[in-house]
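Only one chain is shown below, in C-alpha coordinates, and it's the form predicted alone.
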(Lines give C-alpha, C1' and ligand atoms only; values in the text may rest on other atoms or scores of the structure.)
Protein backbone atom coordinates (compact mmCIF):
# COMPACT_ATOMS: atom_id res chain seq x y z
CA UNK A 1 0.00 0.00 0.00
CA UNK A 2 1.49 3.35 -1.02
CA UNK A 3 1.59 6.41 1.26
CA UNK A 4 -1.30 8.16 -0.51
CA UNK A 5 -3.55 5.10 -0.14
CA UNK A 6 -2.62 4.80 3.55
CA UNK A 7 -3.43 8.48 4.15
CA UNK A 8 -6.81 8.10 2.40
CA UNK A 9 -7.64 5.07 4.57
CA UNK A 10 -6.67 6.96 7.74
CA UNK A 11 -8.75 9.98 6.68
CA UNK A 12 -11.73 7.73 5.93
CA UNK A 13 -11.37 5.93 9.29
CA UNK A 14 -11.07 9.25 11.19
CA UNK A 15 -14.15 10.57 9.39
CA UNK A 16 -16.17 7.46 10.36
CA UNK A 17 -14.98 7.79 13.96
CA UNK A 18 -16.18 11.42 14.03
CA UNK A 19 -19.60 10.33 12.70
CA UNK A 20 -19.99 7.65 15.40
CA UNK A 21 -18.72 9.97 18.16
CA UNK A 22 -21.06 12.81 17.14
CA UNK A 23 -24.06 10.51 16.67
CA UNK A 24 -23.72 9.02 20.18
CA UNK A 25 -22.94 12.42 21.72
CA UNK A 26 -26.02 14.04 20.16
CA UNK A 27 -28.39 11.27 21.24
CA UNK A 28 -30.41 11.84 24.43
CA UNK A 29 -30.63 8.07 25.02
CA UNK A 30 -28.05 5.28 24.68
CA UNK A 31 -27.58 4.24 21.04
CA UNK A 32 -27.87 0.58 20.02
CA UNK A 33 -25.13 -1.26 18.17
CA UNK A 34 -27.51 -1.89 15.26
CA UNK A 35 -28.10 1.89 14.88
CA UNK A 36 -24.35 2.47 14.77
CA UNK A 37 -23.96 -0.31 12.20
CA UNK A 38 -26.29 1.67 9.89
CA UNK A 39 -23.68 4.43 9.84
CA UNK A 40 -20.57 2.23 9.66
CA UNK A 41 -21.55 -1.11 8.17
CA UNK A 42 -18.10 -2.73 8.48
CA UNK A 43 -18.31 -4.33 11.95
CA UNK A 44 -14.52 -4.64 12.26
CA UNK A 45 -14.11 -0.90 11.68
CA UNK A 46 -17.04 -0.12 14.01
CA UNK A 47 -15.67 -2.32 16.80
CA UNK A 48 -12.27 -0.67 16.41
CA UNK A 49 -13.87 2.79 16.62
CA UNK A 50 -15.80 1.84 19.77
CA UNK A 51 -12.62 0.55 21.45
CA UNK A 52 -10.75 3.75 20.54
CA UNK A 53 -13.56 5.94 21.92
CA UNK A 54 -13.68 3.94 25.16
CA UNK A 55 -9.92 4.33 25.60
CA UNK A 56 -9.85 8.02 24.62
CA UNK A 57 -12.62 8.95 27.05
CA UNK A 58 -11.58 6.68 29.95
CA UNK A 59 -9.71 9.42 31.83
CA UNK A 60 -11.80 12.46 30.86
CA UNK A 61 -14.67 14.25 32.57
CA UNK A 62 -17.00 12.43 30.22
CA UNK A 63 -16.70 8.66 29.79
CA UNK A 64 -17.77 6.50 26.86
CA UNK A 65 -19.96 3.77 28.36
CA UNK A 66 -21.36 0.49 27.13
CA UNK A 67 -24.77 -0.29 28.63
CA UNK A 68 -25.86 -3.79 27.60
CA UNK A 69 -25.55 -3.54 23.82
CA UNK A 70 -25.96 0.25 23.68
CA UNK A 71 -23.46 3.11 23.92
CA UNK A 72 -23.57 6.55 25.55
CA UNK A 73 -21.43 9.36 26.91
CA UNK A 74 -21.85 9.84 30.66
CA UNK A 75 -20.27 12.12 33.25
CA UNK A 76 -17.30 10.49 34.95
CA UNK A 77 -18.26 9.10 38.36
CA UNK A 78 -15.30 10.84 40.04
CA UNK A 79 -16.62 14.33 39.18
CA UNK A 80 -20.38 13.72 39.03
CA UNK A 81 -20.92 14.95 42.60
CA UNK A 82 -19.58 18.38 41.55
CA UNK A 83 -22.17 18.70 38.80
CA UNK A 84 -25.40 18.48 40.74
CA UNK A 85 -28.38 19.61 38.72
CA UNK A 86 -31.62 20.46 40.46
CA UNK A 87 -34.51 18.77 38.81
CA UNK A 88 -38.20 18.89 39.61
CA UNK A 89 -39.43 15.40 40.40
CA UNK A 90 -43.19 15.03 40.36
CA UNK A 91 -43.25 12.48 43.19
CA UNK A 92 -41.13 9.69 44.60
CA UNK A 93 -41.97 6.10 43.75
CA UNK A 94 -44.58 4.54 45.99
CA UNK A 95 -43.60 1.58 48.13
CA UNK A 96 -45.62 -0.71 45.82
CA UNK A 97 -43.77 0.62 42.75
CA UNK A 98 -40.38 0.29 44.46
CA UNK A 99 -41.12 -3.30 45.52
CA UNK A 100 -42.44 -4.16 42.05
CA UNK A 101 -39.36 -2.66 40.37
CA UNK A 102 -37.08 -4.62 42.71
CA UNK A 103 -38.91 -7.87 42.01
CA UNK A 104 -38.74 -7.31 38.25
CA UNK A 105 -35.03 -6.42 38.43
CA UNK A 106 -34.04 -9.46 40.48
CA UNK A 107 -36.45 -12.07 39.04
CA UNK A 108 -36.82 -11.04 35.38
CA UNK A 109 -38.46 -12.03 33.18
CA UNK A 110 -41.35 -12.27 35.64
CA UNK A 111 -45.13 -12.42 35.16
CA UNK A 112 -47.68 -10.25 36.93
CA UNK A 113 -48.94 -13.21 39.00
CA UNK A 114 -45.36 -14.05 40.05
CA UNK A 115 -44.88 -10.43 41.18
CA UNK A 116 -48.10 -10.70 43.20
CA UNK A 117 -47.00 -14.02 44.76
CA UNK A 118 -43.64 -12.58 45.81
CA UNK A 119 -45.20 -9.36 47.22
CA UNK A 120 -48.09 -11.23 48.82
CA UNK A 121 -50.65 -8.68 47.58
CA UNK A 122 -52.37 -8.01 44.28
CA UNK A 123 -50.73 -5.56 41.92
CA UNK A 124 -52.70 -2.51 40.86
CA UNK A 125 -52.55 -1.56 37.17
CA UNK A 126 -51.24 1.89 38.05
CA UNK A 127 -48.05 0.49 39.60
CA UNK A 128 -46.81 -0.97 36.34
CA UNK A 129 -48.02 2.13 34.47
CA UNK A 130 -45.74 4.35 36.58
CA UNK A 131 -42.73 2.13 35.87
CA UNK A 132 -43.61 2.01 32.16
CA UNK A 133 -43.93 5.82 32.05
CA UNK A 134 -40.46 6.15 33.56
CA UNK A 135 -39.21 3.73 30.91
CA UNK A 136 -37.60 1.50 33.56
CA UNK A 137 -39.56 -1.66 32.70
CA UNK A 138 -40.70 -3.16 29.43
CA UNK A 139 -42.66 -6.20 28.31
CA UNK A 140 -40.63 -9.37 27.98
CA UNK A 141 -41.38 -12.59 26.12
CA UNK A 142 -44.66 -14.38 26.74
CA UNK A 143 -44.34 -17.42 28.99
CA UNK A 144 -45.09 -20.73 27.28
CA UNK A 145 -47.56 -21.80 29.97
CA UNK A 146 -51.38 -21.87 29.86
CA UNK A 147 -52.68 -18.42 28.95
CA UNK A 148 -49.25 -17.36 27.61
CA UNK A 149 -48.84 -14.63 30.28
CA UNK A 150 -46.74 -11.58 29.46
CA UNK A 151 -43.49 -11.21 31.37
CA UNK A 152 -41.79 -8.00 32.52
CA UNK A 153 -38.13 -7.04 32.52
CA UNK A 154 -36.01 -3.95 33.13
CA UNK A 155 -34.98 -1.67 30.26
CA UNK A 156 -31.70 -0.05 29.25
CA UNK A 157 -33.05 3.22 30.74
CA UNK A 158 -33.20 1.45 34.11
CA UNK A 159 -29.57 0.39 33.77
CA UNK A 160 -28.55 3.86 32.59
CA UNK A 161 -30.39 5.63 35.43
CA UNK A 162 -28.79 3.45 38.10
CA UNK A 163 -25.33 3.50 36.49
CA UNK A 164 -25.21 -0.21 35.64
CA UNK A 165 -23.60 -1.73 32.55
CA UNK A 166 -25.52 -5.01 32.85
CA UNK A 167 -28.26 -6.34 35.09
CA UNK A 168 -25.84 -8.73 36.82
CA UNK A 169 -24.17 -5.67 38.38
CA UNK A 170 -27.14 -5.30 40.75
CA UNK A 171 -25.99 -5.71 44.36
CA UNK A 172 -26.53 -9.12 45.94
CA UNK A 173 -27.95 -9.81 49.40
CA UNK A 174 -24.49 -9.73 51.03
CA UNK A 175 -23.73 -6.36 49.40
CA UNK A 176 -27.04 -4.93 50.64
CA UNK A 177 -26.41 -6.23 54.18
CA UNK A 178 -22.87 -4.84 54.23
CA UNK A 179 -24.10 -1.42 53.08
CA UNK A 180 -26.65 -1.37 55.93
CA UNK A 181 -29.71 -1.50 53.66
CA UNK A 182 -30.78 -4.86 55.06
CA UNK A 183 -30.81 -6.11 58.64
CA UNK A 184 -27.92 -8.58 58.91
CA UNK A 185 -29.84 -10.68 61.43
CA UNK A 186 -32.95 -11.20 59.31
CA UNK A 187 -33.29 -14.11 56.94
CA UNK A 188 -34.79 -13.05 53.65
CA UNK A 189 -35.46 -14.82 50.40
CA UNK A 190 -35.62 -18.08 52.33
CA UNK A 191 -38.61 -20.40 52.01
CA UNK A 192 -38.04 -21.98 55.44
CA UNK A 193 -40.12 -20.56 58.30
CA UNK A 194 -38.23 -18.38 60.76
CA UNK A 195 -38.33 -19.63 64.35
CA UNK A 196 -38.83 -16.69 66.74
CA UNK A 197 -37.93 -18.63 69.87
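Positions refer to the first chain, counted from 1. Not measured: the values here are computed from a predicted model.
If you look for the form predicted in complex with another copy of the chain, you will not find it shown, but the lines that follow are about it.
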{"item": "Residue 43 within 4.5 Å of another copy of the chain in the model of the complex, heavy atoms", "value": "no"}
{"item": "4.5 Å heavy atom contact, residue 53 to another copy of the chain in the model of the complex", "value": "yes"}
{"item": "Residue 36: touches another copy of the chain in the model of the complex, heavy atom cutoff 4.5 angstroms", "value": "no"}
{"item": "Exercise: residue 145 in contact with another copy of the chain in the model of the complex, heavy atom 4.5 Å", "value": "no"}
{"item": "Contacts with another copy of the chain in the model of the complex - residues in 117-133 whose heavy atoms fall within 4.5 Å", "value": "123, 124, 125, 126, 128, 129, 132"}
